[in-house]
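Listed next as structure tokens is one chain, alone, in the form predicted on its own.
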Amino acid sequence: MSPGFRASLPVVIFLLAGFAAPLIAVTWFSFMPARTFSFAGAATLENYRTIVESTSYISFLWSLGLAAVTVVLLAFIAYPVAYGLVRVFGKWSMLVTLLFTIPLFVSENIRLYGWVLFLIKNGVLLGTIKSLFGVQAESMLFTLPAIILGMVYVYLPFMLFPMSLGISMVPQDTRDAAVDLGASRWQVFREVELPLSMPGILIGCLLTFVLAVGAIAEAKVLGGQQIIPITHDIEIAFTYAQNWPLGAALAVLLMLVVGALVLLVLRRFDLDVLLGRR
């Protein structure tokens, strides 16, 4: 056994026990008969047949659609913010960016209920508008825009931090060289800054998408369950329905769909070029 392998053995064991083993267990459990609570029993495709014959595809589409919209909105919101932080604060930009992670120390549900007080009828926003202008506006609460607002708010730090890191890795000498060669400000951004910061953008988009697909609190708290994401179906299967194999099958399908989409996106990019390896 080589010294390198011995040194990596604790990490390998940790990854096998904490990552691979749960995935294997969930996958195996998805083939168990419905409403069983052990691994004993003959493997069956009953759970997957039930999913195909149900309307679970609607929940899949809602989860994927909301995640995609969240990623697009955050890409347009976070990039200018990250760009401004890096150009204004320079080497201190990472420290300033870390300030955006402070809300993560507060429970997500508490923060979302703060938005409920803000958006509810006669709440902070609409109450203020009514007091100042005498206009009674309709509440945004329990609507699709409210869900998207909550997801954009919750996942902003996960997009902002990788983007700030990617932009900060663009050498100032490269910008100056492009300007010296006669490039306009737009050409410098398009040909130099954007391509060189693409690793941070790509990592932020993928990280945000994977997290947003698994979002459930936003739809519950801000959406009033007007929209049912796939994670809600998984929760119901594991709790109220007491059908763990069905919940495991839904979770496996979600992992497969998300994994396939991520690999499809990665195949469209040359990672060696993005990461500066060639």
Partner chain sequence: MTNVSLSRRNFMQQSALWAAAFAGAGTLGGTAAQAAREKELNILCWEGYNSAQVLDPFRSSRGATVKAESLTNDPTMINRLRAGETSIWDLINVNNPWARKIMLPEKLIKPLDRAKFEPFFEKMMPAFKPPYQWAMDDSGAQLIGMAQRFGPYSFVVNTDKVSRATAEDQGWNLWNDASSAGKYGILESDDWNVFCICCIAGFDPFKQHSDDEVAKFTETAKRVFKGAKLVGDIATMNQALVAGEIDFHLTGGTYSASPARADGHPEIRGITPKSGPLAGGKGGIAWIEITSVVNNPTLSPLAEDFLAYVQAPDVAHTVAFAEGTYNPVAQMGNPDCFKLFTKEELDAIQWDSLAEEMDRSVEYDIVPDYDKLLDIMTAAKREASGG
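Because the structure is a prediction, the values reported are computed rather than measured. Residue numbers count along the first chain shown, from 1.
The same protein also has a form predicted in complex with the partner chain, omitted here; what follows describes it.
Annotation: in the predicted bound form, residues 80, 208 and 245 none come within 4.5 Å of the partner chain through any heavy atom. Checking 40, 52, 58, 43 against the partner chain in the predicted bound form, a heavy atom within 4.5 Å turns up for just one residue: 58. Exactly one listed residue, out of 241, 217, 26, 68, brings a non-hydrogen atom to within 4.5 Å of the partner chain in the predicted bound form: 241.
For the chain shown alone, residue 90 is a contact residue for the partner chain in the predicted bound form, at least one non-hydrogen atom being within 4.5 angstroms.
At least one heavy atom of residue 113 is located within 4.5 Å of the partner chain in the predicted bound form. Heavy atoms of residue 150 never reach within 4.5 Å of the partner chain in the predicted bound form, leaving it off the interface.
In the predicted bound form, residue 146 stays away from the partner chain, with no heavy atom inside 4.5 Å. Taking the partner chain as it sits in the predicted bound form, the stretch 189-224 comes within 4.5 angstroms of it through a non-hydrogen atom at 199, 200, 203, 207, 220, 224.
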